[in-house]
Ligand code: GCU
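The chain below stands alone and is given in structure tokens; this is the form predicted alone.
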């Protein structure tokens, strides 16, 4: 079939062989997923910090009666947690529907500290019965080489000197979920983490390392996210590991001009989310992210779900995805829309169609 032939050309590392040469079976599938996480920490994202000593939150803005036409309760929470005795705080928005008991829930990692925001359609989410939390990634640590501010500075004090900022933002999304699970009545069987672009990469990392999230949603995450790296079009390791070196651990830079030597590819990250749900969204004109490599990565990773007796990615093997096409039948879902690199309401609504099934 056409898709399998295209995938074979990428010469990907085998999902089903341990580093010591053992073969992966249904009985040791979880062990191999743990190895995926070890490889991802060692080779690309850096060490994920230990669980916090504590997590607490203070409500700093109470809901107003007119929030989302009176359909939602929007609160502002100042979250504080401690890692090995070092405390850190950042704010997030909590938005809960007034008329839905125990709603499905999304933790959204965002570029701005707005509510509502152009990337997070607050009323559409509420109208579909979804509760959510959202925070600005720069409130956790700056998006630059400064490793002394925010959570980066805290982690450096306790020995996490090679943790990339994608891992820090992912870790912070999990801390938001800590507080939500302790303080809110939500549907614990339907919790998603979501992000766009670099924060789509972050959402995948979060979903891979925190199994309380039953779905990870990546929008246009591309290189070092949901796209296969080998022979990828657009952004490649040679660019991203230099321009955004602080997103990653130091080892990743070694592959800037030899990505075919990597002992992993991004299908390891996607497969680490199995057997839970995964949603990948692409845009036709987002050639920097490379929709074809995102689609092929879903195909490659989808085989791993079979070890759990689940259906991974249901796709058309004779061609790449068409614009407006959605693939919602398996545990891996995908859609392609027209347009450029952006987190649109169309993207959200297609994701919600799947999340609410």
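Positions refer to the first chain, counted from 1. These numbers come from a predicted model, not from an experiment.
What comes next is about the form predicted together with this ligand, which does not appear here.
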Exercise. Name the stretch, out of 170-178, 254-262, 235-243, 100-108, where some heavy atom lies within 4.5 Å of this ligand in the model of the complex.
Key: 235-243
Quiz item: Though only this chain appears here, would residue 201 touch this ligand in the model of the complex if you measure heavy atom gaps against 4.5 Å?
Solution: yes
Quiz item: So, in the model of the complex, is residue 36 in contact with this ligand at a 4.5 angstroms heavy atom limit?
Solution: no
Quiz item: Hey, in the model of the complex, is residue 327 touching this ligand, heavy atoms inside 4.5 Å?
Solution: no
Practice problem: Answer for residue 10 alone: is it within 4.5 Å of this ligand in the model of the complex, judged on heavy atom distances? | Solution: no
Practice problem: Using heavy atoms and a 4.5 Å cut-off, decide whether 190, 213 and 276 all contact this ligand in the model of the complex. | Solution: no
Practice problem: Could you work out which of 160, 247, 132, 135 is the residue within 4.5 angstroms of this ligand in the model of the complex, going by heavy atoms? | Solution: 247
Quiz item: Taking this ligand in the model of the complex as the reference, which of 197, 80, 75, 142 has a non-hydrogen atom within 4.5 Å?
Solution: 197
